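Below you will find one chain, with nothing else, as structure tokens; this is the form predicted alone, and questions on how it binds or moves follow later.
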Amino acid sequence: MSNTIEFKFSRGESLRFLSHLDQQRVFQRALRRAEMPVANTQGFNPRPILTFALAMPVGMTSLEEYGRVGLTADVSPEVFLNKMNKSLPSGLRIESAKKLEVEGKVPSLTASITDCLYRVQGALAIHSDETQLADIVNNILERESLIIPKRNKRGKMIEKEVRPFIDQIEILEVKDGRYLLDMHLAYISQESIKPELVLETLNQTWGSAIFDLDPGLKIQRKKMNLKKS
């Protein structure tokens, strides 16, 4: 029987600029402070068995992230949650935890993701009201294909098909030159796209900037949906 805890956590405004690697280190230190019996990988360079569903981009906050940790002894979800929240810094919080009752190898957490809901707010690059902005976005999303040039991990420019990942974009508010929207993005074959890339694609498809992609852009992952286990 696997001693694995799956946990849901949130990341607040105070830690929005934490990198994914630094976040891993924060959790590892918290696990040590909480005196959790963490299992390690085998080999010459053993590491804690700690995984996350998706990397958290720098600058993003989230209400719903998922992680898993392998343990060498039985720990109840209640004890794990309480001890970890006492050990984590302000801005990171375990919201819930459960023990995975799985014989043998635990299925991949990343492979369980189906889609994510993002809340995006920022400045508009055009003069528009809520209805006009919704019409512009909906007109663009009527296209079957939305392709944008993107640099891959090897530094080569490729054409990225974005449209299949966009389930829905809902304009919630436009006020004083700023917008608030919800973006529902699919996770396909263990691949996702960032909300910033969607906004960039909308700008490029429209032929001129709709959304200002300046550093004032705020993105929150509100929900991450997983396949039912």
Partner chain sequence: MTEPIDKKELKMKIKEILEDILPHVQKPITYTGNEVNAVHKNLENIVIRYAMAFPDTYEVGMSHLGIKILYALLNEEEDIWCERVFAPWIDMEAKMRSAQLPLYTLESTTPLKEMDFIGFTLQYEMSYTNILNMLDLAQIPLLCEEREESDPIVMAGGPCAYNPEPLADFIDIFVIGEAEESLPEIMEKYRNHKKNGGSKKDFFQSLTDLEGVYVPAFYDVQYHSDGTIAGWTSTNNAPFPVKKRFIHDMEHVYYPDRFVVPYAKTIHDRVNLEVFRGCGRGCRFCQAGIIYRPTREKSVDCVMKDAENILKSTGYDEVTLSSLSTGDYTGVEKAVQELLKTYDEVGINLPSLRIDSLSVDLLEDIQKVRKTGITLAPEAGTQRLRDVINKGVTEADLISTVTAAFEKGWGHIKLYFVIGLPTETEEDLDGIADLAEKVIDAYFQTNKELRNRRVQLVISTACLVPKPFTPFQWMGQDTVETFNDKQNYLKKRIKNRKITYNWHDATLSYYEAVFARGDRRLGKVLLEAHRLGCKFDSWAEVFDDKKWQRALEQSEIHPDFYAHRERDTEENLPWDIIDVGVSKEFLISEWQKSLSGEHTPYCKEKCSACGIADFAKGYKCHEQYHRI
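Numbering follows the first chain given and starts at 1. What you are looking at is a predicted structure, and each value in this text was computed from that prediction instead of being measured.
Unshown form predicted in complex with its partner chain; subsequent notes refer to it.
The stretch in contact with its partner chain in the predicted complex, judged by heavy atoms within 4.5 Å, is 86-94, chosen from 112-120, 128-136, 86-94, 144-152. With the partner removed from view, the residue among 160, 32, 194, 163 that has a non-hydrogen atom within 4.5 Å of its partner chain in the predicted complex turns out to be 32. Between the options 51, 40, 168, 204, the residue in contact with its partner chain in the predicted complex by a heavy atom within 4.5 angstroms is 40. Residue 16 belongs to the set of residues with a heavy atom inside 4.5 Å of its partner chain in the predicted complex. Among heavy atoms of residue 20, none comes within 4.5 Å of its partner chain in the predicted complex. Contact between residue 63 and its partner chain in the predicted complex is not found at the 4.5 Å heavy atom cutoff. The closest heavy atom approach of residue 188 to its partner chain in the predicted complex falls outside 4.5 Å.
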